[in-house]
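Below are two forms of the same protein chain, given as structure tokens: structure 1, then structure 2.
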Structure 1
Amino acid sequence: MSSREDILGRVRAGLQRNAGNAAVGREVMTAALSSRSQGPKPVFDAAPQALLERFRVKSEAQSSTVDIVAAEAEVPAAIARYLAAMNLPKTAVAQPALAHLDWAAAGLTVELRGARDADLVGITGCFCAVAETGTLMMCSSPATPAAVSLLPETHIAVVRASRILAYMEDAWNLARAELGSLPRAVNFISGPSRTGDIEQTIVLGAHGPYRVHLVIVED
């Protein structure tokens, strides 16, 4: 008997599950998963501008930095200003979904591909964002490879204000409605990577980027 079979056997015994009642138990589990019942949620203003402001505040509390621009065409220049202010190279890798932006006009050299270990700056979009916690929801696809948000030391994300939702449950509902089946990878990002394993001292960049900069597009 493998360890897996041993563990599952103990679970079945604890639930008093057997061949005779397995079908009934499966129906109960399927009904519970299908209902997608939601627990209590904090109450706050869900107007679009209020969601943007809450997302900004929560993101900054997670050690992200935030810039807000009026239109998507302003994104490359905003990123160029950030890189200059941080004394970072004006070269980056970006998700192919951002190919329509004029990077060269902002003085940036941007390659549209998945990230490699030598890439220092990664630029992504996001599927949506969660105002409750200041979190990005990233859904992988050929046009939005996950590595761009995970490998570089600096992650810059473009966030549309219209895609800032109130709660995590709203993000999952939107993914089901727009994507149908979920992609291979769904990542939630709340600020830079961090750990507190050693003496409960927070260290940024432990398992991924140690800078996260958000450019929110209002249009």
Structure 2
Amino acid sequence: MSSREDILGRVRAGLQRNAGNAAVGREVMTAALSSRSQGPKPVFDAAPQALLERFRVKSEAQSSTVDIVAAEAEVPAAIARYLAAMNLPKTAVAQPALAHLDWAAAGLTVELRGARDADLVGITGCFCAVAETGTLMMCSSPATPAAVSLLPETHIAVVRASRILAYMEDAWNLARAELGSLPRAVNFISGPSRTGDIEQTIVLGAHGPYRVHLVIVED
């Protein structure tokens, strides 16, 4: 007998599985998968401006920094200002999805590709953002490689205000509507990487970025 059959056999024995309770169990399963019922959620003002404000406050609480610009065309200049203020290089890797922005005009040297170890600054968009916790939702694809938000010491993310949703549940529904099925990797990011493994003291910059900077576009 294969291990699969052995394990499932013992699970079935434990549940006293028979045709009758299997049919009931299948109904429960089908109902759960089709109803996608949601649990209780924290209650807060879900007006667009309130969501933006909550997202900003929660992101800052996670040690991200936040900048707000009025139009997408202003993003490269805003990023150039941030890099200058932080004494960071004006060279970056960006997700190919950001090819339409005029990086050179802002004095930045941006390569559109996947990330490499030597990259110091990584610029990404995001699929959407979650106001409840101040979280970015990143979906991997050829135009949005996952490592750009992971390998560089500085991660800069462009967030469209219209894509700030209240809850993670809203993000799932948006993904189902726009992508059909889940991409290979969904990464929810809430601030720079951190560890508390030595004396429970939080240190930013464990294996991922030391800093996360968000540029929110009011669209």
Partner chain sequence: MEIKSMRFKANAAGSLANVVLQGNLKNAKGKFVTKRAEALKDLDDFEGTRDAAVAIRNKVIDNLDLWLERFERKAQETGATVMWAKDGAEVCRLVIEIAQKHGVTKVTKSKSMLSEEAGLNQALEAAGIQPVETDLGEYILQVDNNEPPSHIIAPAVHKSLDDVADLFHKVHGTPRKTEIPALTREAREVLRGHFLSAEMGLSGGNFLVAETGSVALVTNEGNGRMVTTMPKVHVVITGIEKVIPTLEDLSTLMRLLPRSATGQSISNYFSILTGVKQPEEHDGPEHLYFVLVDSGRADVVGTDFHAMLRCIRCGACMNHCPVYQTIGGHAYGWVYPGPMGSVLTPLYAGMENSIDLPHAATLCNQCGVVCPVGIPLPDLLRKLREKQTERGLRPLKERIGLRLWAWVAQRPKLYALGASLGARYLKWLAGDADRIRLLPAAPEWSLGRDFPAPQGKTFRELYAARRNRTGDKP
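If you superpose the two forms and keep the largest set of C-alpha atoms that fall within 1.5 Å, you have the rigid core. On a predicted model such as this, the values are computed, not experimentally measured, just so you know. Here, residue number means position along structure 1's sequence, counting from 1.
Legend entry - Of the two forms shown alone, the one predicted together with its partner chain: That would be structure 2.
Legend entry - Threshold 2 Å Cα movement between the two structures at R26, rigid core reference: Yes, shifts by 2 Å or more.
Legend entry - Core-superposed C-alpha of G14 shifting 2 Å or more between the two structures: Yes: G14 shifts by at least 2 Å between the two structures.
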